[in-house]
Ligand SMILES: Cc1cc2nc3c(=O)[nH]c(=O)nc-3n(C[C@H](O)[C@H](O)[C@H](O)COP(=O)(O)OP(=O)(O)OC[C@H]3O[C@@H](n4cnc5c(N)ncnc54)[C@H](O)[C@@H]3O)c2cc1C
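One chain comes next, on its own, written as structure tokens: the form predicted on its own.
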């Protein structure tokens, strides 16, 4: 007999070896009758007023012949035929690989990598193009930017193997319910990600582990017959009578193909413009703009864990906050919270400053950071041009660059000074790379964003007392939470104006984050396979 038990709890100081004992007690059977126990999900219940505890969903297999007495209360117990098995792409597709007009995947982020993997599993190895560099060559370029303020426009935090996620916290949380989610995580573990991502309620890999994972995944694709080319920027699209017939790489090489999975990141402004120029339908979409907030991690630990803060069993605490500001009709929310992380510069073009958060797997930095952002609607942009959102966010990135004094330093301000409407004189401490310079952050934000942020932070203090503190700094600007552009696709996954073009992932405006982007890439690959008879 196999059972699922949801809500099994462990107190601080209790190891997972106690789970079998507790499961047997709950079920009313001797511990020796439990043949096997597998952890399927693990989370932390931390409510400040009571001791934090770890909560588990487990699958228990009882020995043959054991009869189950009525279950005790305190956890949900269900009987199942066996443990759940997540879905995964099935292969082969029943069609031989293409010789000259094989499918092409443009973009080596999560969407592109998992689209290529899905096609390879189905017996259709692809040509995978990436405008940036492979991880080993990419690392020195990113380091030069952080340490010296030297930006390589084709190799930075956004462009290159693994996409922007390679230099991030590597969070794998997603609200999307999809049978392939488990498969994506298992692939990542096979490529070197920590096995804990299979069970943690808020799984993350960490930038230090991700760099090896994406290289291993690329090597797997090559073993499966895919060709991977770096420094290969798609500069044009050949579209005849509403159908893709090929593409141009680096302004000179023509590649003939009638199937392109377009998995560009949201920072490929030049690609968006070329698509619009070639008549590919694009549309504006809502996005968000704001700042990064940085606290000492111990401050967040005290707020979230109370007097149990500092217990060795507890990981660095995180948070997720939202507020609806009635007087401005705006939503303010935290995004991409990085416990034990650091704030990084991730400029994508010269003369602009963009912030993001990053952390390693063990999250051992003394700082915690998160984006605090405000929703931006298409009507805020003041133009009917579908690409106006690119111009809008760029103007604030340029203002941040000037306010930071150049050299890609970010403008920063003590949180209490921002709320009081003044620029402080005392020095600020921050993890931000390349560096910070004090400034009035109201000058680098749209007025409606600055006003909503002020009210939102005050509301966050009500929900999370201690959030407003002299120890917290705000750093600008955060503009890349999601794409301001959507490449319009139909129910068949293809561009509504260019058949054979399958936009997917964050850059296409249909995903945000590693998991949702990977899932969208898988979905696009399956739709491509479904189109092969057209």
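Numbering follows the first chain given and starts at 1. Quick caveat, the model's predicted, so the values are computed rather than measured.
What comes next is about the form predicted together with the ligand, which is not displayed.
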| property | result |
| --- | --- |
| Distance check, residue 514 to the ligand in the predicted bound form, heavy atom within 4.5 Å | yes |
| Any non-hydrogen atom of residue 374 within 4.5 angstroms of the ligand in the predicted bound form | no |
| Non-hydrogen atom contact residue 318 with the ligand in the predicted bound form at 4.5 angstroms | no |
| Contact of residue 457 with the ligand in the predicted bound form (heavy atom, 4.5 Å) | no |
| Joint contact, 238, 389 and 503 to the ligand in the predicted bound form, by non-hydrogen atom at 4.5 Å | no |
| Proximity to the ligand in the predicted bound form (heavy atom, within 4.5 Å), stretch among 193-201, 342-350, 399-407, 441-449 | 342-350 |
| The single option of 108, 412, 291, 188 touching the ligand in the predicted bound form, heavy atom within 4.5 Å | 108 |
| Heavy atom within 4.5 Å of the ligand in the predicted bound form - residue from 334, 356, 297, 118 | 356 |
| Residues in 121-147 close to the ligand in the predicted bound form, defined by a heavy atom within 4.5 Å, in order | 129, 130, 131, 132 |
